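Let's start with one chain on its own, the form predicted on its own, as structure tokens.
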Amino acid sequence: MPEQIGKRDSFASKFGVIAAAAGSAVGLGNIWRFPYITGENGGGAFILIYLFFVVVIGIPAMMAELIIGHRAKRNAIGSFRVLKPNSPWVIVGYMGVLTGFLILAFYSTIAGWTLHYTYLSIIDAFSNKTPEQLSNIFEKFHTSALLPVFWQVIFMIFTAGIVIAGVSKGIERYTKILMPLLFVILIILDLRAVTLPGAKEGLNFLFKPDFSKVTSVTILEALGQAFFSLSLGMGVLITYGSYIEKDNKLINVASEVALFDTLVAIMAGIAIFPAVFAFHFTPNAGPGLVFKTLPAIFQQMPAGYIFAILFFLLLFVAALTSSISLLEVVVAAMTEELKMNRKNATLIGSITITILGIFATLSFGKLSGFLIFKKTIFDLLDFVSSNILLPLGGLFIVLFVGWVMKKDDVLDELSNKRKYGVPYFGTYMFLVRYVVPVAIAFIFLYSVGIIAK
């Protein structure tokens, strides 16, 4: 076992572990991307394929990250330095920290939009607006130079304020509030959506199995969604794994996080698509659905003012729980590798991320013509982190657990030092050695366009 470096903060309860880890997995993609690609790829058929990949690929990969952090009791960089000293494997840790840094820079752009739209909902700015006017509101807002940056900075202040308080008093305390709040809002929105006239068509879009739509692209989309939705490959789960006390079963943590993440995505679909179809809108994917179509729906819906506030508050909460984990990856590395105190690490980390994020935000407006490799700053950050660093990081992590760590050490972590039996151990090692690496390699090749859509 690695030698400990003083007293480290940790999660104080099992619920805190699950709330924080699930919060890192649940993000904006759960709210709009998962429901849409589900409907476009065979509804229930896609969900079945996705669930298969979550169990066979997602949970084993998640466990691999948790094993590394739990074993080393270090940040993403320090974990590899401890478990394989004086080796190039530490580069994987640096990749994780860099990935978290880059993702939060552009993710905070969209997160700032959720804050602005929460504010617009509260002041009833959608009232008596046509769909065209609502579309113009979004276009004018996200291409302007001031407002998006203002809300992005406010969002990063929220994020930094939670992280600076520490693991148990900050991250755990607030995710134990935010995650139940997220579920309560989803339940309210679901109940409203399924009681709308014409809601059945939206539920059919989301759930009715249509195996005729299942193609090789469907399988790759389901595989990619299972990987990207669970916060894999960016050092978050290594960092959070280092904060988990020894009496928590890692397989239970991974399984429950995967369950909550999938449940939120499905519940988000139930909240959105019955309403989309009930009011005869087109279920377009992406920001257009969230920031153009849904405001138009809310103003036509009875009590739409309340449901608009709840929905955009839901988006904000989902974004915040993810951003907390991304910033913590950076802060944990700075505090332990650079020997900085948490306050300074949080301030420096959040300020530098925000500065880069401002350039990403302005790439929709003032800097839209500034291209690097034919991509805007926002798109470049997204592509490099999501399409290259994430899958490569995930691939190296499972290879490390499957081929570099001693099997006895892996078994120690899964069994809590042989306290519990691990009847699935042989299957798990087979998966992380052979099946999961091949699957992630396919994700990488698909992400960078080598496997064409």
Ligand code: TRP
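Because the structure is predicted, anything quoted here is derived from the model rather than measured. The first residue of the shown sequence is 1; numbering continues from there.
Another form exists, predicted together with tryptophan; not displayed. Remarks below refer to it.
In the model of the complex, tryptophan stays beyond 4.5 Å of every heavy atom belonging to L392. At the 4.5 Å threshold, heavy atoms of N30 reach tryptophan in the model of the complex. Although the partner is absent here, N75 is not a contact residue: none of its heavy atoms lies within 4.5 angstroms of tryptophan in the model of the complex.
Contact annotation: S229 falls within 4.5 Å of tryptophan in the model of the complex, judged by heavy atom distances. Residue in contact with tryptophan in the model of the complex (any heavy atom within 4.5 Å), chosen from A160, L206, L134, I103: I103. A single residue from the set S79, S325, T109, T175 has any heavy atom within 4.5 angstroms of tryptophan in the model of the complex; that residue is S325. Shown alone, this chain has one stretch from 230-238, 243-251, 330-338, 305-313 that lies within 4.5 Å of tryptophan in the model of the complex by heavy atoms: 230-238.
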